[in-house]
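Encoded as structure tokens, the following chain is the form predicted alone, with no partner shown.
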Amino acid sequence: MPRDPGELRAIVVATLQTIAPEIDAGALRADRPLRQQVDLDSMDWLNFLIGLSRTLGVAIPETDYRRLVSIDELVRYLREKTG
């Protein structure tokens, strides 16, 4: 069942906050590289993507990681995967 983009964005941010609880969700720009905004290292980023995969029950192959840079791109990708 396709998910609403707003719902997916909320899931992305909530998952991110499990990795980086100090982030200010209201300050995140959906069109900017997420890792730079929240200063995640590669292990944190991997754990974030694994968390999204588990929460949504979708596989996120490693080959797709480079496509997933911003919140907008994550939401678009996850919408395709859940649709």
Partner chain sequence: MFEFKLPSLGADMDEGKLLQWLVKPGDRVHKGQVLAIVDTAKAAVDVEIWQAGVVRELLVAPETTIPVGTVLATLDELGETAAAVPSVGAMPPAGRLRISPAARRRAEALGIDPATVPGSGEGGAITLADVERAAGRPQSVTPPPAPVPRPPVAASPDRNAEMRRAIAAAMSRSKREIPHYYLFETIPLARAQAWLTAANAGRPISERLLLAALQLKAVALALAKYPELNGFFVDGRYQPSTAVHLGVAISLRQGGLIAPALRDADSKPLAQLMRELADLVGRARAGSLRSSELNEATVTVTNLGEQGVEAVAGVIYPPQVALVGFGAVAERPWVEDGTLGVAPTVVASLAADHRVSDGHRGALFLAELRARLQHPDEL
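Quick caveat, the model's predicted, so the values are computed rather than measured. Residue numbers count along the first chain shown, from 1.
Although it is not shown, the form predicted in complex with the partner chain is what the next lines describe.
> Tell me, yes or no, whether residue 29 is in contact with the partner chain in the predicted complex, where a contact means a heavy atom of each within 4.5 Å.
Taking the distances in the predicted complex, the answer for residue 29 is no, it never comes within 4.5 Å of the partner chain.
> Using the partner position in the predicted complex, report whether residue 42 sits within 4.5 Å of the partner chain, counting heavy atoms only.
Residue 42 belongs to the contact set for the partner chain.
> Check whether residue 14 has any heavy atom within 4.5 Å of a heavy atom of the partner chain in the predicted complex, and answer yes or no.
Judged by the heavy-atom cut-off of 4.5 Å, residue 14 is in contact with the partner chain in the predicted complex.
> So in the predicted complex, is the partner chain close enough to residue 69 to count as touching (4.5 Å, heavy atoms)?
Judged by the heavy-atom cut-off of 4.5 Å, residue 69 is well away from the partner chain in the predicted complex.
> Taking the partner chain as it sits in the predicted complex, which residues of 61 to 77 have a non-hydrogen atom within 4.5 Å of it? Please list them.
61, 62, 65, in sequence order.
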